[in-house]
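Given next, in structure tokens, is a single chain: the form predicted on its own.
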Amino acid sequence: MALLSEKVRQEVENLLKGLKDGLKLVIFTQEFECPTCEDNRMLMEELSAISDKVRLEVFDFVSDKEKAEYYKVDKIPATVVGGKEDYGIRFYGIPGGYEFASLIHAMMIVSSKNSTLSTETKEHLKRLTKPVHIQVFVTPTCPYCPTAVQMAHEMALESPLITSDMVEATEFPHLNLKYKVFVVPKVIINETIEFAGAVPEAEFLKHVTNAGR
């Protein structure tokens, strides 16, 4: 049974016609131990079937350990949106609900290799000297979460030092406890900086630059 309705599929097909270069969706799964892995794989299979510019690679989280380590994937289901290189864009959990738009957005920016960030933000990101790991905790029903996820992913696209994860909070309850996620979106940067809400680009950048100095 298809996860995407015919209406949504047609809308996605129209959007993906705008893809400039090819991209790949790299997913990590293990159906026996991961209740949502099958649905995530099916979603990515449907997307890859819509456009010949989208290539799907499927790996087992355990048996393909070297690949998981290469992409630094530490939980499943996981989806890496990349191209000829890895831009540090990650989805942990199914990007459903409002976050489906974030997945399509990630595919579009990777294909075009261009973000909507301001020139000033891009220049600041070039000055980072340390790795920055951004985790954005979301739920599928949160209308404000995609703003934070998409901004984090655009920053990852612009800097090889940044890795940005969307983390679907309901699928990883142990991380909710660890990071005290009571509201979403909640952003954790390098385990030391945290804030809640969809903040403006300048404020988000300030937190990222503080972590990457």
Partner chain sequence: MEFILPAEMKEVPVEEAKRYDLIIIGAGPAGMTAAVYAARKKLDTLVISKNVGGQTLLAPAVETYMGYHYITGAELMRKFEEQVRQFPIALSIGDEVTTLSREDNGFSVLTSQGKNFTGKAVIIASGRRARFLNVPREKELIGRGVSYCATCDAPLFGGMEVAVIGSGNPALTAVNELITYARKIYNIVQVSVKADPVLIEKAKKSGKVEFMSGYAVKEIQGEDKVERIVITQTKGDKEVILDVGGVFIEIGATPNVEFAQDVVPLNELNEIVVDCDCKTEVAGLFAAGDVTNVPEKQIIVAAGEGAKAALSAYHYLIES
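This one's a predicted model, so the numbers in the text were calculated from it and none came from an experiment. Residue numbers count along the first chain shown, from 1.
Heads up, the form predicted together with the partner chain isn't pictured, but that's what we're talking about next.
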Original post:
Tell me which of 67 to 75, 128 to 136, 82 to 90, 99 to 107 has residues with heavy atoms within 4.5 angstroms of the partner chain in the predicted complex?
Top reply: 99 to 107
Original post:
Which one, 181, 34, 26, 161, lies within 4.5 Å of the partner chain in the predicted complex by heavy atoms?
Top reply: 181
Subject >> Proximity of residue 12 to the partner chain in the predicted complex, heavy atoms at 4.5 Å >> reply: yes
Original post:
Do residue 169 and the partner chain share at least one heavy atom pair within 4.5 Å in the predicted complex?
Top reply: yes
**OP:** Give a yes/no on whether residue 117 approaches the partner chain to within 4.5 Å in the predicted complex, heavy atoms considered.
**Re:** no
**OP:** Evaluate residue 112 for contact with the partner chain in the predicted complex, applying a 4.5 angstroms cut-off between non-hydrogen atoms, and reply yes or no.
**Re:** no
Original post:
Within 123 to 149, which residues have a heavy atom closer than or equal to 4.5 Å from the partner chain in the predicted complex?
Top reply: 139, 141, 142, 143, 144
